[in-house]
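In structure tokens, the next block holds one chain alone, the form predicted on its own.
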């Protein structure tokens, strides 16, 4: 086994870190001791289960199986993103469609341009990163739109009273929501390598890959995360906007 990859003994030894976190939580009386233990146990069980499933997937299925796995991730991500913005009409459907569009556009381009390999060993982890970026873009956009509909309701209704269509009346608030959703992705792209080395780079470096090769892969990762967040955010905003007003252009959110 490569010294860069922890053995199961190393994994067991790392439980000491959980013990330190548990001790500090108890010492400071934060009331989170149970949550620390449950979260740690769930993480171990979930990751081992996923590892077993991926082992089967990589050995016995090809691209179709990998895409089916990515589809399942999209559906789960849509529920998570929609759950963060409860109160908007049809928010689960909107969030899922936004995440699916952002993922399909980004992952589809990477596969069509042969930027990544079509093997399941590549498509599944890369697809997971793309789905995460799309989920964050959609979730933050929808959350901010819900908040804007509440805090800016009087301004929107004033524009509606002047005869503006719902989409026009809410346009400034949509732009604010999209800006808020995309700024974290943009800022993360700006400082990558200067402040942090993301997981993809760290994993490749630990595996012994040439640093320049690892960085090249990380550039692709950062660009695809930015693209997925942008596509999903805009799609989420546009779809949500259609559900926030009725046929008479009244704000129903």
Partner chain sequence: MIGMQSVLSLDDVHVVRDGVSVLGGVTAQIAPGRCTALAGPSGAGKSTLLRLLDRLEEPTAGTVLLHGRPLPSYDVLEVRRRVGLVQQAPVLLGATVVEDLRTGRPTLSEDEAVELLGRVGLADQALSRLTASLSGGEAQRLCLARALAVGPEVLLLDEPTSALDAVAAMSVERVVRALVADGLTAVLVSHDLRQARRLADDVLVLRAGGLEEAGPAAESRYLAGAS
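Numbering follows the first chain given and starts at 1. These numbers were taken from a predicted model, which means no experiment stands behind them.
Another form exists, predicted in complex with the partner chain; not displayed. Remarks below refer to it.
Checklist line | is_contact(residue 159, the partner chain) in the model of the complex, heavy atom dist at most 4.5 Å | finding: Yes, contact at 4.5 Å.
Notebook entry, point to check: Wondering, does residue 97 line up within 4.5 Å of the partner chain in the model of the complex on heavy atoms?
Noted result: Result no; residue 97 lies far from the partner chain in the model of the complex.
Margin query: Quick check on residue 83: any heavy atom within 4.5 Å of the partner chain in the model of the complex?
Written below: Flag for residue 83 set to no.
Note to self: Check residue 171 for me: does it contact the partner chain in the model of the complex (non-hydrogen atoms, 4.5 angstroms)?
What the structure shows: Flag for residue 171 set to no.
Notebook entry, point to check: Pick from 147-155, 85-93, 120-128, 177-185: which stretch has non-hydrogen atoms within 4.5 Å of the partner chain in the model of the complex?
Noted result: In short, 147-155.
Checklist line | Among the candidates 116, 76, 104, 164, the residue which, in the model of the complex, approaches the partner chain to within 4.5 Å (heavy atoms) | finding: After the contact test, the surviving option is 164.
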